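Before any questions on how it binds or moves, here is one chain, the form predicted alone, in structure tokens.
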């Protein structure tokens, strides 16, 4: 009996090792009969050891405890086998069966069960997350492409704007200084951005500096930077200027006529040499920048008045582009209206259209603020509109009060065949008809035509105009 004690001890140790395993363990004999399963396997498979020990795994498969058996595969192939096994409780196991040979005969199969249900779920979630990320990445790419397309888009049909677009395409291909001139709101910033994005410098920075928006005492340090201790309040580490920040890119100097004469000298030196010095610095820095300048004023008058250096003007004005105001290219207005309506409908989730009468009225307005003003008007109308269509009466009063009312198709009879009184009456009646078409009330008509409301009422009655306004 004493000789059996070491064997029992080893058996107890082995049993303890088997039970301590986190993974499930099955031990079957060479015919597939279950000899032992540990507690981890009972938990994973949701079975009791007493219900399976002594039974053959082929019977357990037939009863649906699991869909297939790695033990049977090992007995069949006589080598190590790993499979994915699905239990009737929905769990998925990674099962590995190892054959145990004694004197060349397959005597046992030891099977290791690992529950990977959670891992599969995590993998599926990760895959779903990857698909979602890919979807948003593609959306972002589309949005960025759309934004780049928007930057390179000019809405027009006029010959003058077609010529400007062709010029922009040409100058974008060469590294030349461009001077943009036009009233506020004509799109100088858009054209400058377009030149940059179409050029070989498109991967570099685009720095926009409004020379009229920066106080004169700060303008030099903002443009050219400064070093430590250059002036009171300067950063300890110094600061690069806008010119340096635009290195290998484009510097857009908007409202260049507001640049003080002392800085005009420094800018001219940079344009000639490509070298700058920060404020308070003795070190020269080489910077590779393309300059695009712009002004909403007649720069030649500034040159004549000695407010702008003539040599700098000639240096900047290598390729001048004069952008006409909107009132001089009225044929572009309907296209711009359609463009902005589509843009603001999408931005605010609306579906607002505009009546032909309202378009006609906008085409007759002078637009002192040009495209920027048109954009602002349409954005406000889309936001405030409670109807699906913008009518002529919905336009701001200042628009309706500052329009030219032409008499289309008006060809009076020969003055030799009628009296002056009749000619004036015919002309007056046609003006009233046009005003009736664009105004909602007699008060609006009176304000538009610069007369009193009773006068409008009397004239409507006198000319027997059908469309009555109260």
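Everything numeric here is computed off the predicted structure, so don't read it as measured data. Positions refer to the first chain, counted from 1.
What comes next is about the form predicted together with a small molecule, which does not appear here.
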**Request:** Consider residue 188 of the chain shown here, and say whether it contacts the small molecule in the predicted bound form, taking contact as heavy atoms within 4.5 Å.
**Result:** yes
**Message:** Is residue 338 near the small molecule? Define near as a heavy atom within 4.5 Å, in the predicted bound form.
**Reply:** no
**Request:** Decide whether residue 359 counts as a contact residue for the small molecule in the predicted bound form under a heavy atom distance cut-off of 4.5 Å.
**Result:** no
**Asked** Do residue 371 and the small molecule come within 4.5 Å of each other in the predicted bound form, heavy atoms counted?
**Response** yes
**Asked** Taking the small molecule in the predicted bound form as the reference, which of 116, 352, 155, 363 has a non-hydrogen atom within 4.5 Å?
**Response** 155
**Request:** State the residue from 165, 184, 92, 98 whose non-hydrogen atoms include one within 4.5 Å of the small molecule in the predicted bound form.
**Result:** 184
**Complete:** Here the chain appears without its partner; judged in the predicted bound form, the stretch of 270-278, 338-346, 101-109, 306-314 with heavy atoms within 4.5 Å of the small molecule is 338-346
